[in-house]
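Heads up, the chain below is alone and in the form predicted alone; it's given as C-alpha cells.
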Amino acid sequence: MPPDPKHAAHFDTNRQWWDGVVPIHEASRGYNRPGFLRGEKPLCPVEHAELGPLVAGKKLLHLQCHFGMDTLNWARLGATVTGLDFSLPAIEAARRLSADSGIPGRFVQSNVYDAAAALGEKFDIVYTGIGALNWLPDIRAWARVVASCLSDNGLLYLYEGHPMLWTLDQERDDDLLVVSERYFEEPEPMVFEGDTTYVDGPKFEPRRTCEWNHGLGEIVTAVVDAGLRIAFVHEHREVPWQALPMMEAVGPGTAGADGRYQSNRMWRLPEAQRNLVPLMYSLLAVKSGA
C-alpha cells in the first residue's frame, strides 16, 4: 500500500465504483467484447507500433488491467501475460474473457501498490494503459513498485492520457480549451460524483470517485528515481476516444449508435487548436542490469 494509510478509504471508494461498472463495460459498445472475440478490437496504433514488436516471447505484466482486454491483446502478439487489478469482479471478468477467447492469461486481484508481494516474480515488461495513473495517489511509490516487478534490463511502457488533457474542462460546448482541474499531484484527491461511466451504458445511482493528476515531470522523475533509464517520452496529438466535444475523428473506425464511443478510432482537435496542447504521451524506460 502507499505510505499514507489515509488513502485506504479512497481506494475503498474507487473499488466500489470499479466493481459496479464491470458488467456495464462488458456489455458496452465502447469495449465491444464481441468484437474482441472476433479479433476486431486491437490495441491502440501507438501501442502496437512502439511496443508491439518487442513483446513476443516475453513475460508481460499489465498493472490495473480492468477486465483484461488489453492484457489479452498483448498475448495475441506473443507475450505471456499477467494482469493485476484491485477489483475482484474485474478479475473474474478477465478470466471469463480469457476462457471465451481461448487466449491464455493469468489474472491476480491486488492493489497495485502490493503487486510485488502478490505476484512474487519478475517480468520482462510492465505495461500500464490509458486511464490508470489518475487512480493512484503517489506516483513515486508506484514507480518503485514497477521497478520491483521488473527483471534486469526489463522494460516499462506507458501509454496514457497526458496530464495536460486531464486538466481541461471536458463539458464545455463553446470549443474553448479551458484549464479547470489541477495539473500537479497533491495529497488530497479530486472527488467527482456521477451516474454514468466513461463508455456507453445505463445510468446508475450516483457514485463518487477519488482521482489524482500527476505532472509529466513528476512521472518522469519518479521513474528515474526508481532506477530506470528513460528511452523515450513521446507526446501525441491524437487520443483514442472523443475526450472533448469539438474533437474530430481520424481514419476508419467501427461506427456505433453512440458516436462518441466508436471502436478502433482516433480523435484529434480541430486544425486551429491542434498544436496547443498534447493529448496523450507514451514512455519507454529500461531497468539497468546488475
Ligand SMILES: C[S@@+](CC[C@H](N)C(=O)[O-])C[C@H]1O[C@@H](n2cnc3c(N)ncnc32)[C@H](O)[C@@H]1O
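For clarity, every value in this text was computed on a predicted model and none was experimentally measured. Residue positions are given as counts along the sequence shown, with the first one as 1.
Quick note: we don't show the form predicted in complex with the named molecule, though the next part is all about it.
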Q) Within 4.5 Å of the named molecule in the predicted complex, heavy atoms considered, which of Ser110, Gln170, Thr80, Thr196? A) Ser110
**Q.** Contacting member of Ile130, Ala141, Leu119, Leu216, with respect to the named molecule in the predicted complex [4.5 Å, heavy atom]
**A.** Ile130
**Q.** Heavy atom contact within 4.5 Å of the named molecule in the predicted complex, the stretch among 81-89, 98-106, 175-183, 149-157
**A.** 81-89
Q) Looking at the named molecule in the predicted complex, do all three of Tyr31, Cys65 and Leu136 come within 4.5 Å of it through at least one heavy atom? A) yes
(Q) When the contact criterion is heavy atoms within 4.5 Å, does Trp267 count as touching the named molecule in the predicted complex? (A) no
Q) So in the predicted complex, does any heavy atom of Glu238 sit within 4.5 Å of the named molecule? A) no
Q: Using the partner position in the predicted complex, report whether Tyr281 sits within 4.5 Å of the named molecule, counting heavy atoms only.
A: no
Q: Select from 7-22 the residues with a non-hydrogen atom within 4.5 Å of the named molecule in the predicted complex and write them out in sequence order.
A: Phe11, Trp18
